[in-house]
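Coming up is one lone chain in structure tokens, specifically the form predicted on its own.
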Amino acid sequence: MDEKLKQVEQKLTEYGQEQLLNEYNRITDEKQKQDFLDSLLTIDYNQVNKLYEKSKEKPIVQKNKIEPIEYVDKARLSKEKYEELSKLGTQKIKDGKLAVVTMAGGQGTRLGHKGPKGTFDLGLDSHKSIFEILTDTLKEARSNYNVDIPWYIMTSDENDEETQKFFEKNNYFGYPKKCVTFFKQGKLPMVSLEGKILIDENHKIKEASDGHGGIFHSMYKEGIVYDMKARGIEWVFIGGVDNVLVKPVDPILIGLAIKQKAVAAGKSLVKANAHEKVGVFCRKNGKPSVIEYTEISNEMAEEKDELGNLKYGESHILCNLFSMKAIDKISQITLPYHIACKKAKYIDENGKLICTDVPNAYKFEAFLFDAFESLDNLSVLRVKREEEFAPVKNASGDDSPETARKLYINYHKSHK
């Protein structure tokens, strides 16, 4: 027997995943057989099985001490304070100490768009894609600060090639190609409700992204952190691709982190209402954190401070700044994985394609904000929704191209 096959069989038997050999036996092409074996050898079966076992556990209600977190309202800064923070942040930007990371591993499926979400045309008269809109912010920074900011774009196996071709075709929208680096998001196998690793429609291991919390591991694995350090980067802004009003180059955010001696910072919005379904910044057992809306009681959600503001009203919008020191620290820990039950197409043990309208598989993902609890301090900057948050998530209704387009047009009309 082939030594590699023997090794795989032993591993699969040890972890109860022998069903994967059925797919191997169905493959007729010798190269494909070897490629499939290679993919089986890369899986951490112990990790997958442990994550699956977690899905069967009842959630443990921990007695955490939850407190409001301090924040600074950007709109209420005095002229003197604004200028002080701006000066601190501007100097770091001009000195080339800032890098920007955009998480762009998703497809535009929910928008009815075929292709990476960043290639989606927002519907402006200019027909700019989301990627071009984001590039505009970096070109504006070049004009304001006379510096080309390194831009790292996290793609996925699914959209990496198409994303890079899109940038090439559009000549990087006028931004220097040498300043743009692509790297791939991590993945984990999906499993059935019985814990069996699935095979996808292309007869490969069915995988799903490991969540935005996996970005720190991916940045190390793909050599991004080393590249940043070689460029002398000290601060890294990390944001999602789908916010067309994102301000990744913000001297006030950098200045605030420096002034407060914080190793990281995040932007917040006032919750639309006490029961808006968003995670909010807080302190958990004295550490900075984000608490999900499902974890907060109605009483806490509605609680107000002496000024009549919601005590837990600072919603997290995935606009975060990390020092290289913080990234080094976070990369050394394993963030918790959250389990989601999803609908999945897959090939069963008999080679039949299974399609369903109900959730039938588990995916595992880490959340970036879980990293905050490993840090001693975090600065929170409250910003205005109409100035910094126009997400494109749904085909219609809230957070749709229509709402994002309106916010984008209104903002640029008022800031001409």
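Position 1 is the first residue in the sequence shown; the rest follow in order. The shown structure was predicted, so the numbers you read here are calculated from the model rather than taken from an experiment.
Heads up, the form predicted together with a small molecule isn't pictured, but that's what we're talking about next.
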{"property": "Stretch in contact in the predicted bound form with the small molecule, which is absent here, among 323 to 331, 83 to 91, 107 to 115, 285 to 293 (heavy atoms within 4.5 Å)", "result": "107 to 115"}
{"property": "Heavy atom of residue 271 within 4.5 Å of the small molecule in the predicted bound form", "result": "no"}
{"property": "Contact test in the predicted bound form: residue 196 vs the small molecule, heavy atoms, 4.5 Å", "result": "no"}
{"property": "Partner proximity in the predicted bound form: residue 209 to the small molecule, non-hydrogen atom cutoff 4.5 Å", "result": "yes"}
{"property": "Any non-hydrogen atom of residue 251 within 4.5 angstroms of the small molecule in the predicted bound form", "result": "no"}
{"property": "In the predicted bound form, the one of 245, 228, 103, 344 near the small molecule [non-hydrogen atom within 4.5 angstroms]", "result": "103"}
{"property": "Answer option from 280, 319, 241, 264, heavy atom within 4.5 Å of the small molecule in the predicted bound form", "result": "241"}
{"property": "Triplet 185, 365 and 393 all within 4.5 Å of the small molecule in the predicted bound form via a heavy atom", "result": "yes"}
{"property": "Closer or farther: C-alpha pair residue 107/residue 127 in the predicted bound form, relative to this form, given a change of 3 Å or more", "result": "farther"}
